[in-house]
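One chain follows as C-alpha cells, the form predicted on its own.
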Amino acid sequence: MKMTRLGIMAALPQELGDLIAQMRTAGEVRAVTLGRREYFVGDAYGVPAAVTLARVGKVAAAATASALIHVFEADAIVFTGVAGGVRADVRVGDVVVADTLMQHDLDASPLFPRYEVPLLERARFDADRSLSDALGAAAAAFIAEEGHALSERFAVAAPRVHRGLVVSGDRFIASHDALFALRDALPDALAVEMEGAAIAQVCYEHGVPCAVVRTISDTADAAAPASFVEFLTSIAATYSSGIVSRFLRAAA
C-alpha cells in the first residue's frame, strides 16, 4: 500500500522506540508544535511520515488522529504501543494486531445499544486489512529473528502474534475482577488499551485506513501496574523499533 504520508502514533515515548532518532539520522526532519504535541515530519525508513506522541487516553488519541489527517494530510495511520492481555492465552511478550476495535467503556443505553457509538450505528470498527497484514508480517519476522533472544533476556515465554479484537477504554485494567468482567462481556477480546478504538472511529469517519499493533506488557490483573512499568522501561522500545522498522522497510 503506497502512501503519500503515513501518520505514526504512540502514547508514550518508549512505544515509538528509536523511530524519531532514525528519521533525524536519515535526513531533514521538520518539527511542528500543535495542540501541545510535537509532530515530526520526514522520511521514516524511506516512507514519508508524520510521527507523534498522542499521550494517553481516547480523547488524546482522537485529537491527534484528527490533526494527522487534517493538518499533516496523512492518508493512513498506524498506532504502535503496549496493551494488557485479556484472553488467557495472550501472554506478556506476545504481539496483537487488531482486526477490529471497540470501546469497552461506552454505554449510552437505553438510548443506544451498549458499546454502540451514537449516530454511527456501529460498535466495532475494522482496521485496514492491508496495513494490518503488513504489520502482522513485520511482527512475525521480528519474532522469528529476535524472539528467542527476547525470551532469554527478559524471561518471557516464546512470543506469538495474535489477530483479532482489541478493546479500548479510559481506564487502566488492573484487577482480576475487572479482567474477568471484560472476558465475560467481550469473550473475543484479545487485548485492552486506551487509544486504539478512538483512532479507528476517527479514521472510519474520515475514510482513512488505520491499523493498530500492540505488544502485551501485562495481563490486566492485580500484577499489571508493576508488569506494565517494567515492560515499558526495559523492552517496549525493542519491540516497537523491531516491528515498525520492518513494516516501514517493506512499505517503502
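Quantities reported herein were computed from a predicted structural model and do not represent experimental measurements. The numbering used is simple: start at 1 and walk along the sequence shown.
This protein has a second form, the form predicted in complex with adenine, left out of what is shown; the following refers to that one.
Trainee: Should Phe228 be classed as touching adenine in the model of the complex when contacts are defined as heavy atoms within 4.5 Å?
Mentor: So Phe228 counts as contacting adenine.
Trainee: Is Val97 close enough to adenine in the model of the complex to count, meaning some heavy atom within 4.5 Å?
Mentor: It does not: once adenine is placed as it appears in the model of the complex, Val97 has no heavy atom within 4.5 Å of it.
Trainee: Under a 4.5 Å heavy atom criterion, is Thr52 part of the interface with adenine in the model of the complex?
Mentor: Thr52: no contact with adenine in the model of the complex.
Trainee: Do Ser217 and adenine come within 4.5 Å of each other in the model of the complex, heavy atoms counted?
Mentor: Contact with adenine, yes.
Trainee: Find the only residue in Val166, Leu135, Val78, Ala83 having a heavy atom within 4.5 Å of adenine in the model of the complex.
Mentor: Among Val166, Leu135, Val78, Ala83, a heavy atom within 4.5 Å of adenine in the model of the complex occurs only for Ala83.
Trainee: Ala74, Ile173, Ala139, Ala127: which sits within 4.5 Å of adenine in the model of the complex by any heavy atom?
Mentor: Contact check passes for Ile173.
Trainee: Name the stretch: of 22-30, 36-44, 218-226, 199-207, exactly one has residues whose heavy atoms fall within 4.5 Å of adenine in the model of the complex.
Mentor: That would be stretch 218-226.
Trainee: Can you list, in sequence order, the residues from 192-213 that come within 4.5 Å of adenine in the model of the complex, counting heavy atoms only?
Mentor: In sequence order, Val192, Glu193, Met194 come within 4.5 Å of the partner.
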